[in-house]
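Next comes just one chain, in C-alpha cells: the form predicted alone.
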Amino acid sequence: MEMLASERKNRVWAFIILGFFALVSVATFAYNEYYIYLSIYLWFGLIYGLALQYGRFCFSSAFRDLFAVGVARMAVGITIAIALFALVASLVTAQGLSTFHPAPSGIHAVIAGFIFGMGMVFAGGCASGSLYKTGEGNMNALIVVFSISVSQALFVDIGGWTNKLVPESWHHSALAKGLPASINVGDGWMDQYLAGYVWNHPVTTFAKMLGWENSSALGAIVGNFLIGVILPSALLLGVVYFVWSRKAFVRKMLKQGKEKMTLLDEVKGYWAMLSASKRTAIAGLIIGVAAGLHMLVLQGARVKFGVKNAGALLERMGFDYGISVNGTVFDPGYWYVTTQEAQWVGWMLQKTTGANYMDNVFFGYVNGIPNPAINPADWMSLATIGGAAIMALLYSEFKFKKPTLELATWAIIGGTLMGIGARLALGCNIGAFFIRVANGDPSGWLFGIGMVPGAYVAVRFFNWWTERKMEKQGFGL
C-alpha cells in the first residue's frame, strides 16, 4: 500500500511538471504570439529529457563501461542513435529545410575532444547526461552543470596575462577580421583563438568534400548520411565487436558446444551486440526523429515570422538587452547543450558585478546574453531537466541524492574541463559530436577521435586512484 501511494504521488508530480510547461506555453502565447518560437524549444527539450532518461543516454557511461569493464551496450546504443538521427537529418536536409551549420574542422577539435573526454569521465556524466541526471534529483549532476556553465562564461572572457600565450599570427589574423569596435578582439586569449585561428579553418561537410550540394538528395543522403555516417559507424561498431563484445559471445557459443565460429556465427554475434542496446536505441530513435522535426519546425517558424534568428523576435517584443552586436542570440535551430548554460552565468555576472561580458566574441559578437526567461535555448535546457524528471517520476527512479565531498570535487574538476573543451570545440558531446556527425560534418568525427583517448586516460587514472585509495585503507594488503 505504501508503495502504491508513493507511485501515485510520483505520477501527480509528473503531471504537475507537465502542466506547468503547458501553462507557460499557453500563457506566453496568449501574451504574444512570438513566444511560440520559444515554446518550440521548450517542447522539443521536454522530449529530449524524456528520451535521455528512458535510454540512460550518457556518453560518459558509454566510455566508462567500455574501457573499465568491457561492456559495449551504451557505446553501441549511442552509435545506433547517431545513425537514426542522421537518417532523419538527411531527409530534412534534402528538402532544403535544415537549420544545421557545420563548424571549422581542424586539430583543435581533436584537442578539445580530448579535454572534454577526460572531463566527462571525471565528472561521472557528459553535458547531456548531467542535465537528465539533474532531473532525476542527482545533486552531483547539478554541480557538474554549474561547473560547466561557470567555466565557460569565465573562459570566453579571459584576458590579461593569457595574452602572452597568444601567437602573433593569431593576434594579427584576429585584428584583420575587422570586428566591431565593441568587441575587444585584441585583448583576450579566447577571442584571438576563435577569430585568429579557428575561423581560418575550412567549414565543410562530406557532401561538399565530394563536390555535391548539401541540400541535394545525392549530397544529403549519399554524401552526408551513407559516406559520412553509416560507413564510419559500421567500421566503429565492427571494432567494438571484435575488441570487446565478441569475447563474451564466443564463450557463450563454446558453452553450447560450438567448436569453431563460422561467418554466420559472427553475424549472429554482431546482431546480438546491436540488439542488446534496445532501450538506448529506442531513445535514440525518439531523439533522432525529434531532432529532425525540431529543425523542420524551427525553420517553419523562421519563415512564418520572417526572421533568421530569435534576436529579431526578442527585439520586436521589446527585449533588446543582451542581444549581440549582430542582433543575434544563441538560436541553433536544433538540439544543443552547454552554450545556453554559459549564457545563464554570463547574464548573471554582468547583472551582479557590473563587468562587461559583451565585449568578447562568444557573447558580444555571436550568442548574446539575454535574460534567461526569454532565451529560447534556455527554455530547451530547463525543459530537458523537466522531461527527465517526469520520466524518472513515472518509473519511480526519481530520488534526491546528496553528493559526497569527493564526488563534488570530481564534479567541479570534470565540469570545468568539459566547459573548457566545449568552448575550444564550439560545442559539447551533443553540439560538437552527436549533431555534427549526424549531419555529415567531419569536425564531429575529429571531436570524437579526441574524446576516445581522453576518456580512456581518465578511466585508467580512476582505476589507479581507486587502487591507491584501497591500499591506503588496507584493502590491498
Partner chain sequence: MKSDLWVVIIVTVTFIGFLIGYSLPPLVETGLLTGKGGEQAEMTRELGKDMEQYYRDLQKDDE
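From a predicted model like this one, the values you see are computed outputs, not experimental measurements. Positions refer to the first chain, counted from 1.
Note that the form predicted together with its partner chain isn't included here; everything after this is about it.
Looking at residue 296, you'd find a heavy atom of it within 4.5 angstroms of its partner chain in the predicted bound form. Among heavy atoms of residue 327, none comes within 4.5 Å of its partner chain in the predicted bound form.
Contact between residue 301 and its partner chain in the predicted bound form is found at the 4.5 Å heavy atom cutoff. Taking non-hydrogen atoms only, residue 28 never approaches its partner chain to within 4.5 angstroms in the predicted bound form. Distance criterion of 4.5 Å from any heavy atom to its partner chain in the predicted bound form singles out 395 from the list 242, 271, 321, 395. Checked against its partner chain in the predicted bound form, the residues 452, 420, 412, 47 give one hit for a heavy atom within 4.5 Å, which is 47.
Partner contact region in the predicted bound form: 33 to 41, out of 431 to 439, 33 to 41, 55 to 63, 444 to 452, criterion any non-hydrogen atom within 4.5 Å of its partner chain.
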